[in-house]
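Form predicted alone, single chain, as structure tokens, below.
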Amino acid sequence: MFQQIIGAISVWAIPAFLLGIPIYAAARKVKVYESFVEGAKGGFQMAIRIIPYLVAILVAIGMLRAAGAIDILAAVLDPVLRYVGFPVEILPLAIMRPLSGSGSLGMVTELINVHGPDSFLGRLAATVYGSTETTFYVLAVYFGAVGIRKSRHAVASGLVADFTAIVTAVVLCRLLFM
């Protein structure tokens, strides 16, 4: 029953937003197309400002992956993770996701290719990917773009949110798909 409700919501959520937002804006007499074009101009200017920060974070991620640091950490933590019911195959994704969207997408794709899209690991990988954020990327790019030098509690808050999302994804996927 719960899966059917979630399935129905997921089928209609995006079309509802795609239709609902312009209809709501038109009802409020907002010039939808002009607003979209202005937003696109601002997005292009922002993209030019964030390129240096983007290059820096991508180089750091490349160094971590090339050095094999993520695989070593997974091997060390394997016994503890298996004891608490966390699939060790998801750990590299959990580590990479706060750093890189494209790197973590590659890991999700690999897990799905190896285990299948309807497998527990395939569904868990997709759920973790969809429920977490590229925390360090967002902080580096967006904070850098607007000139914020001290992030205060943003890093800790983002990582706690990612950790919570990963634990919740594992628990819910175990309940729904096992």
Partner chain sequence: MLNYIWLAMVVLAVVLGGINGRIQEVTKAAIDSAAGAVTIAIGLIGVMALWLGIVKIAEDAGLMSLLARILTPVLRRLFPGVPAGHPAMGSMTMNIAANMLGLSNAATPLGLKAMEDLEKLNSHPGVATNAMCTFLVMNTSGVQLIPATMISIMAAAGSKDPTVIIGTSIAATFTGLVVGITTVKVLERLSVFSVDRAVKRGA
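Residue numbers count along the first chain shown, from 1. Only the largest set of C-alpha atoms that superpose within 1.5 Å between the two forms is called the rigid core. From a predicted model like this one, the values you see are computed outputs, not experimental measurements.
What follows is about the form predicted together with the partner chain, which we do not show.
In the model of the complex, H115 stays away from the partner chain, with no heavy atom inside 4.5 Å. Proximity of A75 to the partner chain in the model of the complex falls outside the 4.5 Å heavy atom cutoff. Although the partner is absent here, L105 sits close enough that one of its heavy atoms falls within 4.5 Å of the partner chain in the model of the complex.
The partner chain in the model of the complex comes within 4.5 Å of a heavy atom belonging to L99. Contact residues in stretch 127-143 (any heavy atom within 4.5 Å of the partner chain, taken in the model of the complex) are T127, Y129, G130, S131, T132, E133, T135, F136, Y137, V138, L139, V141, Y142, F143.
Once both forms are fitted on their rigid core, the CA atom of Y24 lies 2 Å or more apart between this form and the one not shown. Shown here is a form in which the CA atoms of F17 and V141 lie at least 3 Å farther apart than they do in the model of the complex.
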